[in-house]
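What follows is one chain in structure tokens, specifically the form predicted alone.
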């Protein structure tokens, strides 16, 4: 009896030891994520598949507001308290915190072949080999219009080669005919303004490649935006409701048919397909033209591995799984995102939509990629582009609400960029 009890107790202790060892071996990874549409749900499905194949690893998907990515994540990373992975849009600005995955993936050549041009956006200056992540989506900025309102108002939409002035006039005509409160709205974002400014002739850099934000092209575009806010083409209440470099979108106003024309980008497609559906014809149109180009800005969001992780091998396993052609075909197809994977872009993605508006928008934005200005690509790849974007939007915003004159705003933009770059140089 005593022997049997001893045997049972020994067996129980052994089982508990095994369970404790198993629990200790469990690795938890945390991924900080934001949503434009349904991509968090799709990503969770992929993570479930990874966990099933790797039962010793769990992945917690922390979904946060986009503002937390722009403002909170950099603070976390600087304090050494960041997650293992994060979805980011300030691609080059945070690269000091990225993990080089090269030692932790089985086939670096696959990454170079399929993500090569975009890997450069993530790399620190002077580094031509680091693999830090992949694009969860390639985005292109550009406008949407409420085509139903144009039809109801009996106003023809401007055609190919139309300028921003042409579109502003048409949007005002529609708004006046139907009593629509906002003829035109733009995301309050320096990135959104940059493409039209380049179309107007902005160079963004001097002959030596140094940032040179304010020139005639940028001033022409900024003056146009300022004038639109003064004459009612754009609503001062939107941009004027926040200050500094704070981002503000007008997607809800557009979805509620309060806006005739909305300058945003391709990432809105899945959201509009869900929130608007067939309530009205939301229609993507090519980027309006300036005297130099008809360009938007490229960009997008990347899922990056972070150097502060305590589990680089497991992070490498997860990233390799998510970056596979099979996983990304499902991700892009379900989220209605333009592929940031060259193989899938060439071969095509089976997008999970029968919505003709969504399909047209995907074709419109994908078709815009070959026409994007080289200056726009250079600006997107510049590690300190956030400094330029923030200076542009914060000072232009102050001029729009009457806190500065336009001339003062342009002076402050230049001073802001110079000061922040100098501070960064001192800190290095």
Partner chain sequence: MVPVPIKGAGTNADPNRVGPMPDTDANASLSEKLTALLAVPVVLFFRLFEIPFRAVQRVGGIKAMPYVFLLPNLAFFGVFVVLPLFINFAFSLSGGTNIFLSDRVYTGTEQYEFLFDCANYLDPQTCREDRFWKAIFNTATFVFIQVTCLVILSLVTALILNRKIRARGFFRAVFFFPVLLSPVVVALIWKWILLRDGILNAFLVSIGLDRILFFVSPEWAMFWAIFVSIWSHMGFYMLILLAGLQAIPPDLYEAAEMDGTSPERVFWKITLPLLWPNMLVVVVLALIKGVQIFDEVFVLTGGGPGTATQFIVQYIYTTGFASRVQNFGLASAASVVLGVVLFALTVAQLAATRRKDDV
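Nothing here was measured: the structure is a model prediction, and the numbers come from that model. Numbering follows the first chain given and starts at 1.
The next section is about a form of this same protein that is not shown, the form predicted together with the partner chain.
- Only one of 236, 107, 125, 274 comes within 4.5 Å of the partner chain in the model of the complex through a heavy atom, and that residue is 236.
- This chain is drawn without the partner chain; in the model of the complex, the residue among 177, 342, 75, 279 with a heavy atom within 4.5 Å of it is 75.
- When contacts are defined as a non-hydrogen atom within 4.5 Å, all of 182, 408 and 416 contact the partner chain in the model of the complex.
- Shown alone, this chain has one stretch from 286 to 294, 112 to 120, 239 to 247, 352 to 360 that lies within 4.5 Å of the partner chain in the model of the complex by heavy atoms: 239 to 247.
- In the model of the complex, the partner chain sits beyond 4.5 Å of every heavy atom of residue 163.
- Heavy atoms of residue 172 never reach within 4.5 Å of the partner chain in the model of the complex, leaving it off the interface.
- Heavy atoms of residue 251 never reach within 4.5 Å of the partner chain in the model of the complex, leaving it off the interface.
- Remark: residue 28 does not count among the residues lining the partner chain in the model of the complex, judged by a heavy atom distance of 4.5 Å or less.
- Shown here without the partner chain, the chain has 390, 394, 395, 398, 401, 403, 404, 408 in 390 to 408 lying with a heavy atom within 4.5 Å of that partner in the model of the complex.
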